[in-house]
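Have a look below at one chain only, the form predicted on its own, in structure tokens format.
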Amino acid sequence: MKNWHWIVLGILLIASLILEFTYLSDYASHWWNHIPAFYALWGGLGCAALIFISKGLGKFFILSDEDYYDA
């Protein structure tokens, strides 16, 4: 990734944390709203899970043997 991608991701993370602590601090309808930075962590873990699952599916369904067309 390029450096500006990391900068944008950092800004989005900070904005998400600020919004969570300002707007959602009074909104405690679920137990997970009491965990600090829950939505940022949940989003990061969800993205990582999507990447690993898609890589696994790609290896399983898309990649073929080197001599696939030779047979």
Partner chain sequence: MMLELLSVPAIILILGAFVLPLLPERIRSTAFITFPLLALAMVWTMPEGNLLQVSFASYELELLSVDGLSRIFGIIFALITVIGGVYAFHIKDLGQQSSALAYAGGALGVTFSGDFFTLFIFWEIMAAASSYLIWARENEESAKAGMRYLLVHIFGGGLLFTGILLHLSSGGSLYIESIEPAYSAANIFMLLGVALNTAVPPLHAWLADAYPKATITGAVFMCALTTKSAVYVMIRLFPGWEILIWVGVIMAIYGTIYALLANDIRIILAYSIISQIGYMVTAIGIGSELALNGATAHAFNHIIYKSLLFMAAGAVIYATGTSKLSELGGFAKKMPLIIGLYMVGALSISGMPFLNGFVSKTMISGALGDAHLEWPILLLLIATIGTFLHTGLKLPYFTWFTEKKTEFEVSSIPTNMKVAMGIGAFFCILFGVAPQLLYIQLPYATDFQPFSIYNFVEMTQILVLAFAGFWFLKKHLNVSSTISLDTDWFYRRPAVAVRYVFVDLPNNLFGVAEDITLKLAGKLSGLSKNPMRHLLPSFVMEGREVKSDGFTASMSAALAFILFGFLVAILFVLF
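Numbering follows the first chain given and starts at 1. Quick caveat, the model's predicted, so the values are computed rather than measured. Here, rigid core means the biggest group of C-alpha atoms that superpose within 1.5 Å across both forms.
The discussion below concerns the form predicted in complex with its partner chain, not included here.
Put simply, Trp4 is far from its partner chain in the predicted bound form: not one heavy atom of it is within 4.5 Å.
If you take 30-44 and check each residue for a heavy atom within 4.5 Å of its partner chain in the predicted bound form, you get His30, Trp31, Trp32, Asn33, Ala37, Phe38, Tyr39, Ala40, Trp42, Gly43, Gly44, in sequence order. Once both forms are overlaid on the rigid core, the distance between the two CA positions of Ser16 between the shown form and the other one is under 2 angstroms.
With the core held fixed, Ile35 shows a CA shift below 2 Å between the shown form and the other one.
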